[in-house]
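Quick setup: one chain, the form predicted on its own, written in structure tokens, and binding and motion questions come after.
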């Protein structure tokens, strides 16, 4: 996809996105001065802000973008930042967005509590909506994200993990926030239920595809392009889609050798595994599944009356396909 269309999609919501950025940075001031510096550090590192982008575009696709849409965008991003802080602790990651992670900087104890603070603060902000259903949906999404992380951690080094189990985990830990951003963006605009459902489905499909892309990046990307520590999934026994697809296609001694390689907790031979993934075509197969999911998400947008914000949502989906193509 032309990156120009992606840039145009962001241009549509640029003033609102700027407000979101300002609001996120301002949140640190809401904490005790002794805590403010930690919050400021993890909130100011920027990032793609994909979830706020989707919340704002979904709002524009179904009406006028309001202050409530900006509030929603801030809240979903704060929940996302909280999950990243906790993820980095569990993965032992030292780099995020080209900077030391909170745990690399201050250790695990402070980082766990910092993530907790951000979750609590996001949910406190959500109580500002007059419609309690919005607050409930945000709380549900936050609980789903955390539950997905627990299940993934529970299933580490589990060679019986199926692709169905994997999809369920990533639908919870990643797609839930994408889906909620799109759904509530339309709900705040008081769109009809069919349109809200279509946007919710779009967010779920794009969020699932995004996690598959991120999992492929962890196996085949470079830290320079990703700006974060890679290879953590294998080192921590998280078997993602390319690995599961490769396991499905191995037999006999070949399968037993691969299993031995995957179960080494001390040192994973990443080069050997990377070569096996390439030879098996597992990355390409995973990328194809992600592309198909994005296609299904795009199809659900036919239920949303056409305007430039709907085109913007399609541009986001196409931009993700471009990134997947470059990787695989």
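Here the structure is a predicted model, which is why all the values come from computation and not from measurement. Positions refer to the first chain, counted from 1.
The same protein has a further form, the form predicted in complex with a further copy of the same chain, not shown here; the description that follows concerns it.
Only one segment in the set 94 to 102, 177 to 185, 127 to 135, 197 to 205 has any non-hydrogen atom within 4.5 angstroms of a further copy of the same chain in the model of the complex, and it is 127 to 135. Mapping the unseen interface onto this chain, residue 228 falls outside it, with no heavy atom inside 4.5 Å of a further copy of the same chain in the model of the complex. Taking the partner from elsewhere, residue 235 is found to have every heavy atom lying beyond 4.5 Å of a further copy of the same chain in the model of the complex. The closest heavy atom approach of residue 114 to a further copy of the same chain in the model of the complex falls within 4.5 Å. Among heavy atoms of residue 271, none comes within 4.5 Å of a further copy of the same chain in the model of the complex. Proximity to a further copy of the same chain in the model of the complex, defined as a heavy atom within 4.5 Å, singles out one entry of 261, 35, 289, 303, which is 35. Residue-level contacts in the model of the complex: of 151, 220, 255, 159, one residue has a heavy atom within 4.5 Å of a further copy of the same chain, and it is 151. For a residue to qualify, one of its non-hydrogen atoms must sit within 4.5 Å of a further copy of the same chain in the model of the complex; none of 277, 293 and 320 qualifies.
Using a 4.5 Å cut-off on any heavy atom, the residues of 138 to 177 that reach a further copy of the same chain in the model of the complex are, in sequence order, 139, 140, 142, 143, 146, 147, 149, 150, 151, 153, 154, 168, 172.
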